[in-house]
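First, one chain by itself in structure tokens, the form predicted on its own.
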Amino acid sequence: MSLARRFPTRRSSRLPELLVPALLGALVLVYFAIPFVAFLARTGAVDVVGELSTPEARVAIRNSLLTAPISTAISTVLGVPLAYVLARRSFVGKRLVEALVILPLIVPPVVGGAMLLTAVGRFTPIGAAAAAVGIPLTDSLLGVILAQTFVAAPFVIITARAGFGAVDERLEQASRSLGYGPLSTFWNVSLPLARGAIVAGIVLTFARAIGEFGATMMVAYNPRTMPTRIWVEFIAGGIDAIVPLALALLAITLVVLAAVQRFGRVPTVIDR
């Protein structure tokens, strides 16, 4: 029998094998899609532009767009070097460091916020000292940034570590053999080669920060961010009241999704 006749047989023989996984996958996709469709169906009767123009909405949007980039920048500046160390070095206590990186991802955000309050709350030594010099660490934009950074920083650390781990160490060794120092090698070799994973991690960190609610609610319920404002509107007016701000967050999420797809698949666990 010719190869041309054999290939269709092989392909058709795989269809029953993939049928059950495909059907199960289709069910979860439908489950994901239905809430989006149902929510978007409610937007027709809501004056989205008008509601987003209210002072409360404008303040919430401004606060989120101010704090999330700052949290992302802090996470990146501090997290990327840590990711490089984790990818390139073995040292005593490394597993503890890895656990500390992952911990904010698995701890419920509200619990994370409570932890932050025990560390920087107004009645703690750190919080009291900061408040004494006019820098309150809770119920302030700084408190929002602290909460966002706590829950979002692991994303850039994990993805950057995976990116550095994929870089061939021989390229770094070649750079060192040519006379470049560790910092120059990191900046000119390692960082550019891991750029895709790092950028993806930065994007995910920003998305997590701008959507953070639980820890922010505990540490800085005021001033309002978009998620906390959505909660207030929901308590006062139900689903229809939150549609405008929710759509704004959804739009940001879609931009984030496009950016992540642009830079490829993002690892979600630390490779050992």
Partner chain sequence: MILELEALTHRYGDELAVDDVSFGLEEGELVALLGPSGCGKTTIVQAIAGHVRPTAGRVRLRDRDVTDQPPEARRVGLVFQESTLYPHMTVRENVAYGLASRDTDAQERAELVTEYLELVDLRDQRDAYPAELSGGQQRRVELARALAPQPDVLLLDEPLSALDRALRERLREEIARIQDETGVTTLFVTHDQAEAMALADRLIVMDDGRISGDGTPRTLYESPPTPFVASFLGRSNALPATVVAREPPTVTLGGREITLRSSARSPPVGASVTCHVRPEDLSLTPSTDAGADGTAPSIPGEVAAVTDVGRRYDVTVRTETGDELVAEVTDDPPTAGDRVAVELPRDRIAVFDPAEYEREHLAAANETRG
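For clarity, every value in this text was computed on a predicted model and none was experimentally measured. Residue numbers count along the first chain shown, from 1.
What comes next is about the form predicted in complex with the partner chain, which does not appear here.
**Q** The chain here is shown without the partner chain. Which stretch in 136-144, 70-78, 104-112, 168-176 comes within 4.5 angstroms of it in the predicted bound form, by heavy atom distance?
**A** The contacting stretch here is 168-176.
**Q** Quick one: does N188 come within 4.5 Å of the partner chain in the predicted bound form, counting heavy atoms only?
**A** Output for N188 is yes: heavy atoms within 4.5 Å of the partner chain.
**Q** With heavy atoms only and a cut-off of 4.5 Å, decide whether L193 touches the partner chain in the predicted bound form.
**A** Yes, contact at 4.5 Å.
**Q** Using a 4.5 angstroms cut-off on non-hydrogen atoms, would G181 count as touching the partner chain in the predicted bound form?
**A** Contact with the partner chain, yes.
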